[in-house]
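Below are two forms of the same protein chain, given as structure tokens: structure 1, then structure 2.
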Structure 1
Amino acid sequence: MDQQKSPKSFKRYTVTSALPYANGPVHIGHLAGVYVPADIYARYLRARGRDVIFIGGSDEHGVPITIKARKEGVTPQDVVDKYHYMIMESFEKFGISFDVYSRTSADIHHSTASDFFRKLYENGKLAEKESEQFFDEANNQFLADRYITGTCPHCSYEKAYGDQCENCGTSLSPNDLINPKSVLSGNKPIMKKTKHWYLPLQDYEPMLRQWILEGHKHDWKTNVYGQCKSWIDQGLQPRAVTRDLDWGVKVPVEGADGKVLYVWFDAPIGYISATREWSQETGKDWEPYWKSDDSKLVHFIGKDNIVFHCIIFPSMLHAEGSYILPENVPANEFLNLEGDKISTSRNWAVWLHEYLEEFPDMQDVLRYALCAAAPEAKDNDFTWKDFQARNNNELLAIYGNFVNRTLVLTHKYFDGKVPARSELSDYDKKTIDQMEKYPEIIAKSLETYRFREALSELMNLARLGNKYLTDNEPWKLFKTDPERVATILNINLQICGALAVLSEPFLPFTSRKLLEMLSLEMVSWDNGAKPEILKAGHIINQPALLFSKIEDEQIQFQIEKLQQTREVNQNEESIDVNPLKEDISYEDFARMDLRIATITTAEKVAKTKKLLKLTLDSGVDTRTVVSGIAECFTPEEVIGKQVVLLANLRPKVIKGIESYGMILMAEGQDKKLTFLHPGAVIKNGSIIS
């Protein structure tokens, strides 16, 4: 739609796909949400002869990678190397047609990101907070704003946060707080000198309002637009660009040892670095793709990335000054797997590299299934049964079958030579007419990022062919009217040719196979459905089956494989335990006053999801405790329970309620909480030691 509404006509296209995080392989969720649509879009643009660069790469910085490395006893570089190559290889085998697939640990990225930062820095676009920051000595770390509480200078509320006062809603900075405390240790944090740089997002609010809320009200997807509006209306805050970490892009400023760029800052710059890498390899100029007004920049991402690509990265680009902003960010929702959320850590996924091995030469089947079920407007569920049905009932039955019956008939009646058309009936003309409309029909859907609709239109082209063939029944006419049969098959062959061309963005492997069967060279999109694609007299090759039936056993195997994952996950409760904490002395332990107590009343705390306000009979007194268990227990089922109480924990105000102590709970798998009971009923106030 933006294509039609925009007065601009674009000379070139810059298509980016979210950089996969290099701490695990790629799975179907990534593919359905990002890479399949992005690849279809890029291939379509190329087919139209547009100048397009399609960018991908691995995101290799950030804390999770360092944690994984430590856990496995290897370096962060080892971790990212492993997954980078694995991801890159599986993308290539799957037919994701990147013009460049780079990585953020590459030198060119470090220098690009570094330069980007330095330019903002030198032009005064970054707020430098060189002042002292709160530091928790007990935990040996600097405290983020949210980890500091204190008294609000405006309303005197005692439990205001470092970034905002919950009571009066005022935005704060930690320095505003009177009597600050560390949330981590409860200690008073010391001031320690550190230097960090911030991107003042609030400065770009007018720009963002105009650009998104006014300029893209109608051409951006509602989920994307709504999310952006929500962020902007909530008020934007300065966002730290740097942090204290040793894995990432070094901050290129004197006195910034031990600091790197925040991963959210360096990752999107990776798109630019990758383009520069491509430039070096091809000798082409990269800058027009990023800096020329007649370039159309499109980011394909999942919904978790909306804020970065619609708010933060555009602010960075705008601050830098020489870059264009994205024309659209068609973010998708999430794909679930057999009813459950896909999870890398829980191994609940269909991994691309495994699929490629278990379903060799069936890339297009997955591409088809994922595109047809892409979570464009809401989360969607991938099931193996659906996958099987998509292949057997649609790809094979409609598309494959149509091609096969046409080619078989052509060989049977005309020895594989394309017969000439003679006089055309109204039905013939109508059919040719409809066929010729498909490049435009499909294009219209693709230009507006409606990939499911586009794919379904492609199938309608095959349906058109099937219906035409069935209605005309050439197998009944051959003996009496071979000339008529020639015309019918000629038209059918043209439809096969159109399918070969128009399928390419969606089903590139099938497209190639079909072209080969037809002994045809690829033609441009606009000429893709002309009735002269196959000239009379042209010899076609022997047909082979484009798709094979997927049997129940194969599906059953996959379902059982997932079932095993489910079981493993349940058993892993005992395996995946947290490491032991540091030793403490008996005295440390003895300082805790643990007692048996009984819950006498319970009610939900208003405006919270997790909190219950409990009254306890502790044997020595009656006290109020606020506990975060409301997601696991209703107030009713909790009353009367005997529990373990940490009785001498320093009181704390939670959501305006004074809480004296804490109920001890054990947390099981999937965050389910359970109470600790005494083995027998025992009097309240009994000491635990």
Structure 2
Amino acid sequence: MDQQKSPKSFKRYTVTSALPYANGPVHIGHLAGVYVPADIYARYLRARGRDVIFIGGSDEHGVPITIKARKEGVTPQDVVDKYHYMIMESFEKFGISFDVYSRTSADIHHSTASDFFRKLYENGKLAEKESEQFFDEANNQFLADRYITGTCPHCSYEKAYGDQCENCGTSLSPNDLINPKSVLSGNKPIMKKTKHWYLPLQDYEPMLRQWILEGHKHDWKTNVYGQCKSWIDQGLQPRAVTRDLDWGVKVPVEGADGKVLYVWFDAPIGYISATREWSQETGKDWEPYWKSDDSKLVHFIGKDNIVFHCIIFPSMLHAEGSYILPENVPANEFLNLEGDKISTSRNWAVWLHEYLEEFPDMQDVLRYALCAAAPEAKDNDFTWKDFQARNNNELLAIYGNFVNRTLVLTHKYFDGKVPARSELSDYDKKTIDQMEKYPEIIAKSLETYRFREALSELMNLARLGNKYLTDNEPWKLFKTDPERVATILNINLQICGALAVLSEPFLPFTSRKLLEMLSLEMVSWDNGAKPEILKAGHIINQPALLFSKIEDEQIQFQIEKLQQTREVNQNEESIDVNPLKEDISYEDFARMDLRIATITTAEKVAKTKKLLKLTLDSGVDTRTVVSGIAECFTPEEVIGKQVVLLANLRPKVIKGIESYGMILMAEGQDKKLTFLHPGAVIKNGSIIS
């Protein structure tokens, strides 16, 4: 365990990317943190001829799904079906090259996760115990962490969840919250006993200490190693693997009615079930990718998933006994947006499906910008201005300009045929020598998960070509020395070929377009920068622009779009919405007699600020109602208004006046009252049902 295996010692590679929750679309934070680097790595491995499976899928269980379904008035299955296909389509259009994209609601996943749990259970690897958990009496339901809100003990944010404060980012437990409330009813939950199964993480502490702290001290990223060390040094505690919920993988043992596998236990098994699904589709054996020591398992995740993929999932795999452990978990930090934390709930994000519509055929520009600003060692910031500059000043001005000039000159001077080289100058030899080194230079960065560095080196190859072309000025030499121009353009065309091959992991759409312009078939990574990738006499196609300029108006539109989101958020935050009250039956509602009535007289109630004495014509009688609306309306303003009257409310004496009924009002965000009334004059006594 002391030393990392060299890349060539692995026969196959299992590359996983964190499963996105199927409760919303994918945004640029997901892409920069997980999917772009994972795709670059998988594409690179394929380019080197390695045996690799790249695994993706939707995480379709857990409380965020049920909360979304409750808000939208649909079933959890409706929610995951909608977003699973939206996410999968977005990934396909963006060029994320999964070998399989599965989902955790699939039957093969339920059976795989059930079998995994059952093996741990039967082998005595799980502990069963009772504990007290929050329970909503009104809804007769145990509350998952996300169904509990309260005040954060760290920053005093009043809408923190039971698992995390989205304001300050601190991880929490429900017991940490001040004044906890149920999201379902708004009531204060009680504590109630329930039985669950736990993974005794403390039993795996010696294994984890040796495997991580001793075995991966030098090859894991500092942020990953540091977080793991902190968890292990604090002492690991048992962690529940089941929960009281009706959406998820049912716990496959007796006495577990109403319980499902906890999503953190269920979701990573999704990598395995997805590989099994791939196996069924391709006929290939899935087990070597997960159970052979000569396979390399790499997890691409964000920093919020480090503990699950480095401590909990490896403990599960070790407890099961037949699986390999990950060789590396190159987790990234977070990407912010225009100086603010990306937030799905606040709609503060750049959504992939919207980007693909608003910037058609510019997938590689976003891939490039996100890789160049990847939060590899610390949180980083995405801005639309930087996105524009990356495109205009780098992709367009350096890469695209070099390729276009080279191909245009080749057609101008040699009718689109690759000219033969003549005698090479020292500058020519130096340029060729530098070009040939780039496959290994870029590979070295990719093998150690330094994707920003690798991308920078790819651009250095384009800079090499640009400088060589500019320094030699073939447009000035053709009339006097066409042989020299032939040599210059031949070398430049070889650099274009190298760019086409080596760009594929980073800029797959650009690579494909450039290969087509060069009329070149893809070659292996190691042969991508050979000095004769394009043979003399080879005919290239007409050049086309690889990149287009992004105008200021396009960027301003995106900035204004975000500003509108910020304004909406500020307005919504000022609205204090009361929670829903306890459910009533239809029979309870049917007992209410709601009618249209007209206010015929009104006067203030003496010695009060809020009360008006109203006389109402209900269509069946004339009655007095005392209403607390005097701070919003004068008596003169309400006379003649039609209102909604709760006519069968028991009479009550208020300030010596018998009030018979109640008029219904709505309270706005400014605390002002608004009458509920029909849009047109309706006969008094008309029933509302």
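Take the two forms, superpose them, and find the largest set of C-alpha atoms that agree within 1.5 Å; that set is the rigid core. If you're wondering where the values come from, they're calculated on a predicted model, not measured in any experiment. When a residue number appears, read it as a position in the sequence of structure 1, where counting begins at 1.
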{"property": "Which of the two shown structures is the form predicted in complex with the RNA", "result": "1"}
{"property": "Core-superposed C-alpha of Gly619 shifting 2 Å or more between the two structures", "result": "yes"}
{"property": "Did Met207 shift 2 Å or more between the two structures, C-alpha, core superposed", "result": "no"}
{"property": "Per-residue C-alpha change between the two structures, Gln227, threshold 2 Å, rigid core fit", "result": "no"}
{"property": "Value in Å for the CA shift of Lys195 between the two structures, taken after the core is superposed", "result": "3.4"}
